[in-house]
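First comes one chain, alone, set out as structure tokens in the form predicted alone.
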């Protein structure tokens, strides 16, 4: 089985699809950042970076030390890309402009360490990223619709470090080879089954959910004797990367809906550097991504830390949930 490196894969794609070499350089820098972050996570107990950093981010969430480390490494490594104009990070209040933007420059959106609450119990965590283009010289608008992303992906730091990537033409998974550090194509052409018997949701919020979400979960939990006529498994890891990765591997649906407790904030997950990248990946793998009422990738952002409800995964289940929201 041929397992080309990420570089060879992107170079071949460049020839077939005329990818900009500067975009290839940026993706390679992102992969390098993910490799370094993965090493920090594995060595955290020895580097003294477990636990809280002693502050909070713009979201009002307590930062883990590794949140800060991961953000620093992404910024340090990716800033080397000559056409990268700005960094939009979950961990930083303001946009970090690296240069005066020119048409064709890139904007990098990222959550440097998703699911960091899992670190102390040694469960999988990840990094999420997305890239858009600057349209005109001097344009400092970073509020781009998800449909305008030119690539998106995530890294998952589990038994193996994997990079899952879409360049707008399908989804491919690359595993980091121990020893060489190369990312090699191990999971080409990822495809989400249209039907599933698994769903991921934080059940502790049940009493906050709206009626459509309660209906969906109640029907799934009713099993073979219920209206769905079959048993469902409920999964939840408190890491969007881990839950979405499982869906890419074997199907499922992920829900972090708007509810009575988070509606005033707009939802839980951030649009630009969590929801949009994952929505593009899921759609490119044959699934659907929705707020429950409309396609996520069609949302026009209002701020760069905007929160939104998220429902994504197997096409039939997301369509069912959208139907419940309409009734």
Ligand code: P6P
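In this text the structure is predicted, and so the values were computed from the model without any measurement. Positions refer to the first chain, counted from 1.
Only in words, not in the display: the form predicted in complex with the named molecule, which the text now covers.
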So in the predicted complex, does residue 254 come within 4.5 Å of the named molecule, heavy atom to heavy atom?
-> yes
Looking in the predicted complex, any heavy atom of residue 35 within 4.5 Å of the named molecule?
-> no
With the partner left out of view, is residue 175 within 4.5 angstroms of the named molecule in the predicted complex by any non-hydrogen atom?
-> no
Close approach of residue 239 to the named molecule in the predicted complex, 4.5 Å, heavy atom = yes
Have a look at 26, 289, 269, 69 for me and say which one sits with a heavy atom within 4.5 Å of the named molecule in the predicted complex.
-> 269
Looking at 197, 96, 202, 147, which has any heavy atom no more than 4.5 Å from the named molecule in the predicted complex?
-> 202
Given 110 to 118, 184 to 192, 163 to 171, 139 to 147, the stretch touching the named molecule in the predicted complex at heavy atoms within 4.5 Å is 110 to 118
